[in-house]
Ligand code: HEC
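For reference, the chain that follows is the form predicted on its own, supplied as structure tokens.
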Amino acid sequence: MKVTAFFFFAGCLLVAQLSCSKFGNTLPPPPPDPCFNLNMGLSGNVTNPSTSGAADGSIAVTAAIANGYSYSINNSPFQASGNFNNLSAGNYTIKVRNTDGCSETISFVLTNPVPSCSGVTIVVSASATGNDPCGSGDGTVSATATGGAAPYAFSLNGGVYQTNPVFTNLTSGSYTILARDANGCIGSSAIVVGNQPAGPLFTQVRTLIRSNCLYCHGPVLSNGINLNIDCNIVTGKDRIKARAVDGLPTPMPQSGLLPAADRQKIIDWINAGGRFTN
């Protein structure tokens, strides 16, 4: 209760109100903290996804006192049930809250199953297109795979895997194609990239060279470039045109320019690209 007191001091009247109670001047203690030393006794069970990448895992959380709790997974809205379904592999934190607003958390990890390649046979089929033997490498290999779990990734000679099953800019030689399925199971296939055959335009020019020029530009009496080698004809096409077609600085063969029809064969080949495969 409050008591009013009157005091006279130096001719002035002072009025004061004093508060008092049966406890004296000490305030009552605060109510106990309902969250102090709280132990909800949280536990849970997990079901991992059935296959890699699937979203059919689940978490079921229970508390020591079943009633009056709400549950949130990874800061989602709270719900009355501690069961969470349709989960993929990953880290999850469940927050449990009681009616007093007190909360505790419990964490779980869902993992993808470790795939087994036992009994899995990845069959790799590969086909190749030939390389121009006088080019810088234009062969290709194309692959397909069956027998595993799609999608597949492909590797050439143990290199980096790629989703594109086609490998380009290949020179002639032997290659190994690896195919890896979604579970990491691997199959392989060997393939040979051969050389493309000589083209008809090049074949005509090669016949002319061997018939008219090897006495100077052959393997024995070589003078400068050996034109008995196919790729030397390709790399020397500009010189061949200058000598055998234009006669500059002197005609080739030395006996005089080739007939006009033969010179036209050289022109047609060069105009088509002057390659081994033309």
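One rule holds for the numbers: they count along the sequence shown, beginning at 1. Not measured: the values here are computed from a predicted model.
Heads up, the form predicted in complex with this ligand isn't pictured, but that's what we're talking about next.
Peer 1: Under a 4.5 Å heavy atom criterion, is Gln264 part of the interface with this ligand in the model of the complex?
Peer 2: No, no contact at 4.5 Å.
Peer 1: Is Ile59 close enough to this ligand in the model of the complex to count, meaning some heavy atom within 4.5 Å?
Peer 2: Contact with this ligand, no.
Peer 1: Using a 4.5 Å heavy atom cut-off, state whether Gly224 contacts this ligand in the model of the complex.
Peer 2: Contact check for Gly224: yes, within 4.5 Å of this ligand in the model of the complex.
Peer 1: When the contact criterion is heavy atoms within 4.5 Å, does Thr250 count as touching this ligand in the model of the complex?
Peer 2: So Thr250 counts as contacting this ligand.
Peer 1: All three of Cys213, Cys216 and Arg239 touching this ligand in the model of the complex at 4.5 Å, heavy atom to heavy atom?
Peer 2: Checking in the model of the complex: Cys213, Cys216 and Arg239 are all within 4.5 Å of this ligand.
Peer 1: Going by this ligand in the model of the complex, which residues of 243-263 come within 4.5 Å of it through any heavy atom?
Peer 2: Read in sequence order, the residues that approach this ligand (within 4.5 Å, in the model of the complex) are Arg243, Ala244, Thr250, Met252, Pro253, Gln254, Leu258.
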